[in-house]
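Below sits a lone chain in structure tokens, taken as the form predicted alone.
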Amino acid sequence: MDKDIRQGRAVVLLNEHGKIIEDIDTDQIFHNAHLHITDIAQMGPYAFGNLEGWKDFPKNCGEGDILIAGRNFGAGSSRQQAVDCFTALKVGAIFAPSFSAIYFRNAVNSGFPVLKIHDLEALIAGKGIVTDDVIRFDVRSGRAENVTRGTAFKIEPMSPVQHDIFVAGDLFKYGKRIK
């Protein structure tokens, strides 16, 4: 499978009332008590350690999982660890209707796929995506498919620059390619 086409298990971030969690901030993603950790490979166990109901996420996360969150994912500080902890866990992508500007930029610069999904509320309400469904998506075209349910939906494709950084691996590797 080429790098533009990905597939993984959906992990829908719901609260105790079954509603999609919005405004997940960087302190909920990676608590400031762990900022002394500088080795990306060791950040994974602390992902969502401060998000109510999701403290066991690292134990249940599988390689390639696709996190599906509510609007304004990554609000708050500019801490890079809030992106790197998902890289450490080998999360495949994060889908949300919107991301905080700083979080989005940090993820793009790291070559981590963060993609906007505008009709998320309708998909969740209609059970078009539930946790454990298998999702396949193309970062360039924006085509996405719930393989489990045999339904299609759209994500916002990566911009050309986001895609170039993603393919290179991160912003530094992308910069080295520029002559």
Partner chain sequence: MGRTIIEKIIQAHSRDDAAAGRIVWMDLDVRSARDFGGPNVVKNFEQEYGGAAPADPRKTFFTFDLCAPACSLKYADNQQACRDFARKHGIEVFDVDRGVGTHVMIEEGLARPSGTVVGTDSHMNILGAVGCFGQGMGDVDIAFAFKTGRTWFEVPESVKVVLKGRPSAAAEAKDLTLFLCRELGTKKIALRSAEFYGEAVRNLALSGRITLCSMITEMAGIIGFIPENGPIVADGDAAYADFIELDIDGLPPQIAVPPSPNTVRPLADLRGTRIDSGFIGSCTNGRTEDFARAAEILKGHKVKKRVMLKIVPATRRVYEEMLERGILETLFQSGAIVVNPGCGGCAEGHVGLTGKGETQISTGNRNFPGKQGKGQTYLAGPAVVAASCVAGEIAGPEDL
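Just so it is clear, the model here is predicted, and its values are computed rather than measured. Residue numbers count along the first chain shown, from 1.
As for the form predicted together with the partner chain, it is not shown, yet the points below apply to it.
In summary, among the residues Leu115, Cys61, Ile124, Ile37, the only one with a non-hydrogen atom within 4.5 Å of the partner chain in the predicted bound form is Ile37. Note on the interface: of 147-155, 133-141, 62-70, 23-31, the segment with non-hydrogen atoms within 4.5 angstroms of the partner chain in the predicted bound form is 23-31. Taking non-hydrogen atoms only, Ser159 approaches the partner chain to within 4.5 angstroms in the predicted bound form. Using a 4.5 angstroms threshold between heavy atoms, Thr87 stays clear of the partner chain in the predicted bound form. Using a 4.5 angstroms limit between non-hydrogen atoms, Ile94 is distant from the partner chain in the predicted bound form.
Taking the partner from the other structure, the partner chain in the predicted bound form has a heavy atom within 4.5 Å of a heavy atom of Ile165. Shown here without the partner chain, the chain has Arg79, Gln80, Gln81 in 79-96 lying with a heavy atom within 4.5 Å of that partner in the predicted bound form.
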